[in-house]
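A single chain, nothing else alongside it, follows as C-alpha coordinates in the form predicted on its own.
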Amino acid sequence: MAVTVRFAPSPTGRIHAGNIRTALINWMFAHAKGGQLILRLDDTDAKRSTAAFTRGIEEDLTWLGIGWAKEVHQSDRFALYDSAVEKLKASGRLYPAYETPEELELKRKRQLARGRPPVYDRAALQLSTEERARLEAAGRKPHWRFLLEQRDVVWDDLVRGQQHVDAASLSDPVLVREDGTYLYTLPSVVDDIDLGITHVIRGEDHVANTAPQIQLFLALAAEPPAFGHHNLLVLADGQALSKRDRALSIEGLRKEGIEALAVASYAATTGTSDPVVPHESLEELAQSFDFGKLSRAPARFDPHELRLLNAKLLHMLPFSAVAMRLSAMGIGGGEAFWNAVRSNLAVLADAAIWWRVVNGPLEPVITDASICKQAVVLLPPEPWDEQTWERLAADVKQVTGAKGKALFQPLRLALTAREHGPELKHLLPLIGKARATARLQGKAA
(Lines give C-alpha, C1' and ligand atoms only; values in the text may rest on other atoms or scores of the structure.)
Protein backbone atom coordinates (compact mmCIF):
# COMPACT_ATOMS: atom_id res chain seq x y z
CA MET A 1 0.00 0.00 0.00
CA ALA A 2 1.41 3.38 -1.01
CA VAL A 3 1.88 5.70 1.95
CA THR A 4 -0.46 8.70 1.84
CA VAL A 5 -0.46 11.29 4.61
CA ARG A 6 -2.11 14.66 5.01
CA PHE A 7 -1.44 18.05 6.55
CA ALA A 8 -4.73 19.64 7.51
CA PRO A 9 -4.47 23.25 8.69
CA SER A 10 -7.45 25.55 9.16
CA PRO A 11 -7.12 28.76 7.10
CA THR A 12 -8.16 30.92 10.05
CA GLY A 13 -4.73 32.50 10.51
CA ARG A 14 -1.09 32.18 9.49
CA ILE A 15 0.61 28.92 10.43
CA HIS A 16 3.45 28.84 12.96
CA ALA A 17 6.42 26.62 13.74
CA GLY A 18 4.22 24.16 15.64
CA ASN A 19 2.04 23.62 12.58
CA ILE A 20 5.15 23.26 10.43
CA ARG A 21 6.49 20.61 12.80
CA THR A 22 3.43 18.47 11.97
CA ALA A 23 3.71 19.23 8.24
CA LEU A 24 7.42 18.32 8.22
CA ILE A 25 6.97 15.07 10.13
CA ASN A 26 4.27 14.01 7.67
CA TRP A 27 6.36 15.09 4.67
CA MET A 28 9.54 13.39 5.94
CA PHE A 29 7.73 10.14 6.69
CA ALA A 30 6.02 10.08 3.27
CA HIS A 31 9.23 11.06 1.48
CA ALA A 32 11.19 8.31 3.21
CA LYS A 33 8.53 5.76 2.21
CA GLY A 34 8.16 6.98 -1.37
CA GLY A 35 4.64 8.20 -0.57
CA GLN A 36 2.75 11.45 -0.94
CA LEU A 37 1.43 14.33 1.14
CA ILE A 38 -2.04 15.78 0.62
CA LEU A 39 -2.80 19.34 1.71
CA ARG A 40 -6.29 19.47 3.18
CA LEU A 41 -7.68 22.89 4.07
CA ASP A 42 -10.15 22.53 6.94
CA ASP A 43 -12.22 25.54 5.94
CA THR A 44 -15.71 24.54 7.09
CA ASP A 45 -15.75 27.56 9.44
CA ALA A 46 -16.97 30.02 6.84
CA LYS A 47 -16.84 32.99 9.22
CA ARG A 48 -13.17 32.65 10.11
CA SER A 49 -11.66 30.92 7.06
CA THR A 50 -10.41 33.24 4.34
CA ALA A 51 -8.87 32.92 0.91
CA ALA A 52 -6.03 35.16 2.09
CA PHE A 53 -5.10 32.75 4.88
CA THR A 54 -5.31 29.84 2.43
CA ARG A 55 -2.84 31.61 0.12
CA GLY A 56 -0.65 32.34 3.13
CA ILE A 57 -0.50 28.65 4.07
CA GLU A 58 0.38 27.71 0.50
CA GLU A 59 3.09 30.39 0.39
CA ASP A 60 4.58 29.31 3.72
CA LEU A 61 4.74 25.64 2.74
CA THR A 62 6.23 26.49 -0.66
CA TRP A 63 8.83 28.76 0.96
CA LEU A 64 9.83 25.90 3.25
CA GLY A 65 10.11 23.50 0.32
CA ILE A 66 7.25 21.25 1.45
CA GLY A 67 5.40 20.08 -1.64
CA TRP A 68 2.05 18.32 -1.85
CA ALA A 69 0.57 15.96 -4.41
CA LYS A 70 -3.00 17.20 -4.09
CA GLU A 71 -4.92 20.02 -2.42
CA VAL A 72 -8.52 19.71 -1.24
CA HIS A 73 -10.86 22.11 0.55
CA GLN A 74 -13.43 20.78 2.98
CA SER A 75 -15.80 23.56 1.94
CA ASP A 76 -16.09 21.80 -1.45
CA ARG A 77 -16.90 18.39 0.04
CA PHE A 78 -20.18 18.77 1.95
CA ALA A 79 -21.96 16.25 -0.28
CA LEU A 80 -19.59 13.56 1.03
CA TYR A 81 -20.27 14.54 4.63
CA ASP A 82 -24.04 14.64 4.07
CA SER A 83 -23.92 11.13 2.60
CA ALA A 84 -21.94 9.82 5.58
CA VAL A 85 -24.49 11.35 7.98
CA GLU A 86 -27.36 9.58 6.25
CA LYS A 87 -25.45 6.30 6.38
CA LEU A 88 -24.82 6.67 10.11
CA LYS A 89 -28.44 7.60 10.78
CA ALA A 90 -29.66 4.58 8.83
CA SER A 91 -27.41 2.25 10.82
CA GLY A 92 -28.53 3.72 14.14
CA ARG A 93 -25.09 5.11 14.98
CA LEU A 94 -26.10 8.78 14.80
CA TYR A 95 -28.90 9.94 17.09
CA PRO A 96 -30.54 13.31 17.84
CA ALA A 97 -30.10 14.95 21.25
CA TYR A 98 -31.98 18.04 22.39
CA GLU A 99 -30.25 19.28 25.54
CA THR A 100 -29.21 22.93 25.56
CA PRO A 101 -25.63 23.87 26.48
CA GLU A 102 -26.94 25.08 29.83
CA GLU A 103 -28.66 21.76 30.53
CA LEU A 104 -25.54 19.82 29.59
CA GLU A 105 -23.40 21.98 31.86
CA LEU A 106 -25.81 21.38 34.75
CA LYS A 107 -25.57 17.61 34.16
CA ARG A 108 -21.79 17.78 34.18
CA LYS A 109 -21.76 19.70 37.47
CA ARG A 110 -24.09 17.19 39.10
CA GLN A 111 -21.95 14.27 37.98
CA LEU A 112 -18.77 15.90 39.24
CA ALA A 113 -20.42 16.72 42.56
CA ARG A 114 -21.23 13.02 42.95
CA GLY A 115 -17.67 12.04 42.13
CA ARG A 116 -18.59 10.64 38.73
CA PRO A 117 -16.88 11.36 35.41
CA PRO A 118 -18.81 13.95 33.35
CA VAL A 119 -19.85 11.51 30.62
CA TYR A 120 -23.03 12.12 28.64
CA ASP A 121 -25.80 9.91 30.04
CA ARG A 122 -27.46 9.13 26.68
CA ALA A 123 -30.77 10.47 27.94
CA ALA A 124 -31.67 11.38 24.35
CA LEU A 125 -31.84 7.68 23.47
CA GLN A 126 -34.73 7.28 25.91
CA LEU A 127 -36.91 9.91 24.25
CA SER A 128 -40.02 8.63 22.52
CA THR A 129 -41.08 9.80 19.07
CA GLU A 130 -43.78 11.92 20.72
CA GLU A 131 -41.30 13.54 23.14
CA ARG A 132 -38.99 14.44 20.29
CA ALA A 133 -41.89 15.91 18.34
CA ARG A 134 -42.90 18.04 21.36
CA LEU A 135 -39.36 19.33 21.79
CA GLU A 136 -39.10 20.26 18.11
CA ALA A 137 -42.53 21.89 18.19
CA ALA A 138 -41.24 24.01 21.08
CA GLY A 139 -38.38 25.21 18.87
CA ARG A 140 -35.67 22.77 19.98
CA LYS A 141 -33.30 21.71 17.22
CA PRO A 142 -31.28 18.55 17.77
CA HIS A 143 -27.55 18.12 17.65
CA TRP A 144 -26.44 14.70 16.49
CA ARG A 145 -24.27 12.35 18.54
CA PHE A 146 -22.27 9.34 17.40
CA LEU A 147 -23.22 6.25 19.38
CA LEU A 148 -19.99 4.72 20.64
CA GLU A 149 -19.64 1.02 21.19
CA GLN A 150 -18.74 0.68 24.85
CA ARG A 151 -15.62 -1.40 24.41
CA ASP A 152 -11.85 -1.08 24.60
CA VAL A 153 -10.33 0.58 21.53
CA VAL A 154 -6.71 -0.39 20.87
CA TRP A 155 -4.20 0.94 18.37
CA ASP A 156 -0.44 0.72 17.90
CA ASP A 157 0.65 4.34 17.88
CA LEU A 158 3.63 5.12 15.64
CA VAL A 159 5.14 7.28 18.38
CA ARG A 160 3.57 6.24 21.69
CA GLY A 161 3.37 2.48 21.18
CA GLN A 162 0.25 0.47 22.05
CA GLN A 163 -2.61 2.63 23.27
CA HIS A 164 -6.04 1.68 24.50
CA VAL A 165 -9.09 3.66 25.55
CA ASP A 166 -12.26 2.32 27.13
CA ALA A 167 -14.96 3.96 25.04
CA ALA A 168 -17.38 3.53 27.94
CA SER A 169 -15.45 6.33 29.67
CA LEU A 170 -16.19 8.76 26.82
CA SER A 171 -19.22 10.84 25.91
CA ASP A 172 -20.82 10.09 22.58
CA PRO A 173 -19.22 12.86 20.45
CA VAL A 174 -21.36 15.47 18.73
CA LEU A 175 -20.79 15.26 14.98
CA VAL A 176 -23.43 17.73 13.77
CA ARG A 177 -24.40 20.95 15.53
CA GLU A 178 -27.94 22.26 15.97
CA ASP A 179 -27.50 24.54 12.95
CA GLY A 180 -26.48 21.61 10.75
CA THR A 181 -22.77 22.47 10.60
CA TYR A 182 -20.16 19.80 11.16
CA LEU A 183 -17.64 19.53 13.94
CA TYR A 184 -14.09 18.45 13.10
CA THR A 185 -14.46 14.70 13.61
CA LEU A 186 -16.86 13.66 10.86
CA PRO A 187 -15.39 15.66 7.93
CA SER A 188 -11.89 14.59 8.95
CA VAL A 189 -12.71 10.88 9.00
CA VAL A 190 -14.77 11.04 5.78
CA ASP A 191 -11.91 12.85 4.02
CA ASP A 192 -9.33 10.36 5.28
CA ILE A 193 -11.45 7.54 3.84
CA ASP A 194 -12.09 9.28 0.52
CA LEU A 195 -8.48 10.39 0.05
CA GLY A 196 -6.99 7.01 0.96
CA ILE A 197 -4.99 8.31 3.93
CA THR A 198 -2.87 5.44 5.24
CA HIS A 199 -1.24 7.22 8.20
CA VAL A 200 -2.63 10.04 10.34
CA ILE A 201 0.32 11.80 11.97
CA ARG A 202 -0.56 14.72 14.23
CA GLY A 203 0.09 16.37 17.58
CA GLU A 204 -0.47 14.53 20.83
CA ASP A 205 -3.33 16.90 21.66
CA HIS A 206 -5.41 14.72 19.31
CA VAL A 207 -4.82 11.45 21.19
CA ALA A 208 -8.20 11.75 22.94
CA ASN A 209 -9.95 11.95 19.55
CA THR A 210 -8.48 8.73 18.24
CA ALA A 211 -10.70 6.11 19.85
CA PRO A 212 -13.98 7.72 18.67
CA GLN A 213 -12.47 8.25 15.22
CA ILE A 214 -11.43 4.60 14.93
CA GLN A 215 -15.00 3.61 15.74
CA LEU A 216 -16.28 6.09 13.18
CA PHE A 217 -14.03 4.61 10.47
CA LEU A 218 -15.43 1.17 11.24
CA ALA A 219 -19.02 2.44 11.34
CA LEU A 220 -18.47 3.78 7.81
CA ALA A 221 -17.14 0.36 6.74
CA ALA A 222 -13.55 1.61 6.33
CA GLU A 223 -10.25 0.30 7.65
CA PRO A 224 -8.77 2.86 10.08
CA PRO A 225 -5.38 4.28 9.12
CA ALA A 226 -2.32 3.97 11.32
CA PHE A 227 -2.07 6.76 13.89
CA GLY A 228 0.95 8.58 15.27
CA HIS A 229 0.91 11.39 17.83
CA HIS A 230 4.07 13.46 18.15
CA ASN A 231 5.05 15.77 20.97
CA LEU A 232 4.00 19.39 20.66
CA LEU A 233 6.15 22.46 20.13
CA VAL A 234 5.53 24.86 23.02
CA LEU A 235 6.97 28.15 24.28
CA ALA A 236 9.49 28.31 27.11
CA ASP A 237 6.67 28.79 29.64
CA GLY A 238 4.86 25.70 28.37
CA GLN A 239 2.18 27.63 26.52
CA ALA A 240 1.14 26.43 23.08
CA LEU A 241 2.15 28.48 20.06
CA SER A 242 -0.71 30.61 18.79
CA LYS A 243 -1.78 31.91 15.39
CA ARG A 244 -2.36 35.24 17.12
CA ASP A 245 1.38 35.72 17.69
CA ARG A 246 2.36 37.08 14.30
CA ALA A 247 6.05 37.35 15.23
CA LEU A 248 6.27 33.56 15.63
CA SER A 249 4.26 32.77 12.52
CA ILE A 250 6.14 31.46 9.51
CA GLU A 251 5.30 34.76 7.81
CA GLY A 252 6.80 36.67 10.75
CA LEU A 253 9.95 34.54 10.84
CA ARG A 254 10.39 34.98 7.08
CA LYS A 255 10.06 38.76 7.40
CA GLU A 256 12.64 38.69 10.18
CA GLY A 257 15.06 37.09 7.76
CA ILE A 258 15.12 33.58 9.21
CA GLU A 259 16.06 31.04 6.56
CA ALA A 260 13.55 28.38 5.49
CA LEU A 261 16.04 25.60 6.21
CA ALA A 262 16.72 27.02 9.67
CA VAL A 263 13.00 26.91 10.48
CA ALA A 264 12.71 23.38 9.06
CA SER A 265 15.84 22.13 10.84
CA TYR A 266 14.67 23.57 14.15
CA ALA A 267 11.03 22.48 13.92
CA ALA A 268 11.95 18.95 12.85
CA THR A 269 14.79 18.20 15.30
CA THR A 270 13.98 20.02 18.53
CA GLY A 271 12.31 17.61 20.90
CA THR A 272 14.11 14.63 19.35
CA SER A 273 17.25 12.68 20.19
CA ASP A 274 18.99 14.29 17.20
CA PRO A 275 21.14 17.39 17.78
CA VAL A 276 19.53 20.68 16.79
CA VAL A 277 21.88 21.61 13.96
CA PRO A 278 21.37 23.21 10.55
CA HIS A 279 20.69 20.95 7.59
CA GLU A 280 21.42 21.83 3.99
CA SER A 281 18.23 20.28 2.57
CA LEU A 282 14.89 18.75 3.48
CA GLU A 283 16.16 15.58 1.83
CA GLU A 284 18.91 15.40 4.44
CA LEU A 285 16.33 15.88 7.21
CA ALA A 286 14.12 13.12 5.80
CA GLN A 287 17.01 10.66 5.64
CA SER A 288 17.55 10.91 9.39
CA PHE A 289 13.87 10.87 10.38
CA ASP A 290 12.67 8.15 12.74
CA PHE A 291 9.59 8.13 15.00
CA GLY A 292 11.71 6.47 17.67
CA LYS A 293 13.75 9.67 18.03
CA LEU A 294 10.74 11.74 19.14
CA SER A 295 10.64 12.58 22.84
CA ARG A 296 7.45 12.14 24.84
CA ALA A 297 8.08 15.49 26.56
CA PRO A 298 6.96 18.73 24.90
CA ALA A 299 9.52 20.29 22.57
CA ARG A 300 10.54 23.81 23.63
CA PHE A 301 10.50 26.53 21.00
CA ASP A 302 13.16 29.13 21.81
CA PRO A 303 13.26 32.03 19.31
CA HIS A 304 16.80 32.88 20.44
CA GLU A 305 17.96 29.33 19.74
CA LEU A 306 16.33 29.50 16.31
CA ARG A 307 18.19 32.73 15.50
CA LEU A 308 21.50 31.17 16.52
CA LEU A 309 20.71 28.18 14.33
CA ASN A 310 19.93 30.54 11.47
CA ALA A 311 23.34 32.18 11.80
CA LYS A 312 25.04 28.77 11.84
CA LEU A 313 23.20 27.82 8.67
CA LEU A 314 24.32 30.96 6.86
CA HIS A 315 27.90 30.40 7.97
CA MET A 316 27.97 27.00 6.26
CA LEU A 317 26.04 27.80 3.06
CA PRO A 318 28.04 27.79 -0.18
CA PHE A 319 27.87 30.77 -2.50
CA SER A 320 25.77 28.81 -4.99
CA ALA A 321 22.96 28.60 -2.42
CA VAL A 322 22.66 32.38 -2.07
CA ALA A 323 24.02 33.80 -5.33
CA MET A 324 20.68 34.65 -6.90
CA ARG A 325 19.32 36.19 -3.70
CA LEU A 326 22.44 38.35 -3.25
CA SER A 327 22.16 39.52 -6.83
CA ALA A 328 18.51 40.44 -6.29
CA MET A 329 19.63 42.55 -3.31
CA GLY A 330 22.09 44.42 -5.52
CA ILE A 331 25.09 42.78 -3.87
CA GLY A 332 28.05 41.82 -6.01
CA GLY A 333 31.51 40.61 -5.13
CA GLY A 334 30.88 37.00 -6.07
CA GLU A 335 32.11 34.03 -4.12
CA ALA A 336 35.07 35.93 -2.64
CA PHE A 337 32.72 38.42 -0.99
CA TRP A 338 30.41 35.70 0.33
CA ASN A 339 33.25 33.68 1.79
CA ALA A 340 34.62 36.82 3.41
CA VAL A 341 31.42 37.92 5.17
CA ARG A 342 29.16 34.90 5.75
CA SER A 343 30.59 34.08 9.19
CA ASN A 344 29.53 37.56 10.35
CA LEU A 345 25.87 37.30 9.31
CA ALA A 346 22.86 36.73 11.55
CA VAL A 347 20.45 37.04 8.62
CA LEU A 348 21.19 37.27 4.91
CA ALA A 349 20.14 40.92 4.80
CA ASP A 350 23.22 41.70 6.94
CA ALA A 351 25.30 41.06 3.82
CA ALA A 352 24.18 44.49 2.59
CA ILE A 353 26.06 46.07 5.50
CA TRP A 354 29.30 44.47 4.46
CA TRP A 355 28.70 45.16 0.78
CA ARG A 356 28.60 48.86 1.67
CA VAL A 357 31.84 48.39 3.61
CA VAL A 358 33.42 46.88 0.51
CA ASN A 359 31.75 48.95 -2.18
CA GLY A 360 31.08 52.24 -0.42
CA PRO A 361 30.35 54.97 0.01
CA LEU A 362 31.62 54.85 3.56
CA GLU A 363 32.61 57.59 6.00
CA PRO A 364 35.89 56.41 7.59
CA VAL A 365 36.63 56.75 11.30
CA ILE A 366 40.12 58.16 11.89
CA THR A 367 41.48 57.61 15.41
CA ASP A 368 45.22 57.70 14.64
CA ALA A 369 46.06 59.84 11.60
CA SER A 370 49.78 59.08 11.73
CA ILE A 371 49.30 55.31 11.42
CA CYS A 372 46.79 55.81 8.60
CA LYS A 373 49.18 58.18 6.80
CA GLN A 374 51.98 55.64 6.93
CA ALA A 375 49.59 52.92 5.67
CA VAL A 376 48.77 55.04 2.59
CA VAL A 377 52.47 55.34 1.76
CA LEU A 378 53.03 51.62 2.26
CA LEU A 379 50.05 50.33 0.27
CA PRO A 380 51.48 47.93 -2.34
CA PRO A 381 50.43 47.97 -5.97
CA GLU A 382 47.54 45.78 -7.05
CA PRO A 383 46.56 43.00 -7.65
CA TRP A 384 45.92 42.21 -3.99
CA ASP A 385 45.34 38.85 -2.33
CA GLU A 386 44.88 37.55 1.22
CA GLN A 387 48.57 38.11 2.03
CA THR A 388 48.34 41.83 1.21
CA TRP A 389 46.88 42.78 4.60
CA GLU A 390 49.54 40.85 6.53
CA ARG A 391 52.35 42.49 4.54
CA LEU A 392 50.82 45.95 5.00
CA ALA A 393 50.34 45.48 8.76
CA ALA A 394 53.90 44.24 9.14
CA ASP A 395 55.30 47.20 7.20
CA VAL A 396 53.27 49.76 9.19
CA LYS A 397 54.36 48.10 12.44
CA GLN A 398 58.01 48.31 11.42
CA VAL A 399 57.78 52.01 10.53
CA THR A 400 55.58 53.22 13.42
CA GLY A 401 56.42 50.76 16.19
CA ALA A 402 52.71 50.29 16.83
CA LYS A 403 51.52 46.76 17.50
CA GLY A 404 48.50 44.80 18.63
CA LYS A 405 45.25 46.71 19.06
CA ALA A 406 47.06 50.05 18.78
CA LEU A 407 48.01 49.06 15.23
CA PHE A 408 45.05 47.10 13.99
CA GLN A 409 42.15 49.08 15.42
CA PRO A 410 42.95 52.44 13.75
CA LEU A 411 43.41 50.70 10.41
CA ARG A 412 40.15 48.69 10.76
CA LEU A 413 38.16 51.79 11.73
CA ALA A 414 39.56 53.76 8.82
CA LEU A 415 38.97 51.01 6.28
CA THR A 416 35.56 49.73 7.50
CA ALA A 417 34.23 52.30 10.01
CA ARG A 418 33.57 49.35 12.36
CA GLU A 419 35.40 47.95 15.34
CA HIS A 420 34.61 44.35 14.48
CA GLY A 421 33.83 42.32 11.40
CA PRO A 422 35.25 39.97 8.80
CA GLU A 423 39.00 39.51 8.67
CA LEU A 424 40.73 42.35 6.86
CA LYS A 425 42.84 39.90 4.90
CA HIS A 426 39.58 38.96 3.12
CA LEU A 427 38.06 42.44 2.94
CA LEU A 428 41.08 44.46 1.77
CA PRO A 429 41.33 42.87 -1.71
CA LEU A 430 37.59 43.54 -2.16
CA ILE A 431 37.87 47.16 -1.04
CA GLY A 432 40.70 47.80 -3.48
CA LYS A 433 43.53 50.33 -3.46
CA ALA A 434 41.57 53.39 -4.59
CA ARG A 435 38.96 53.15 -1.80
CA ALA A 436 41.50 52.05 0.78
CA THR A 437 43.69 55.08 -0.01
CA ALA A 438 40.79 57.50 0.22
CA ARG A 439 39.52 56.08 3.50
CA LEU A 440 42.95 56.06 5.11
CA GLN A 441 43.15 59.72 4.16
CA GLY A 442 39.83 60.36 5.93
CA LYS A 443 37.76 60.71 2.77
CA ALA A 444 34.37 59.11 2.18
CA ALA A 445 34.72 56.39 -0.45
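Predicted model only: the values in this text are computed from it and were never measured. So that there is no doubt, residue numbering starts at 1 and follows the sequence shown.
Just so it is clear, the following notes concern the form predicted in complex with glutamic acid, a form of the same protein that is not shown.
Of the stretches 294 to 302, 312 to 320, 369 to 377, 183 to 191, only 183 to 191 has residues with a heavy atom within 4.5 Å of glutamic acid in the predicted complex.
Using a 4.5 Å cutoff between non-hydrogen atoms, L440 does not count as a contact of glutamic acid in the predicted complex. Interface residue remark: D42 is counted as part of the site for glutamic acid in the predicted complex, having a heavy atom within 4.5 Å. Interface residue remark: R116 is not counted as part of the site for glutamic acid in the predicted complex, having no heavy atom within 4.5 Å. Proximity of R77 to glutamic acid in the predicted complex falls outside the 4.5 Å heavy atom cutoff. The contact with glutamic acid in the predicted complex, taken as any heavy atom within 4.5 Å, belongs to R202 out of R93, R202, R160, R254. Residue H206 is the only one of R151, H206, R132, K89 with a heavy atom lying within 4.5 Å of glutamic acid in the predicted complex. For the partner-free chain shown, nothing in 305 to 332 comes within 4.5 angstroms of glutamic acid in the predicted complex, judged by any non-hydrogen atom.
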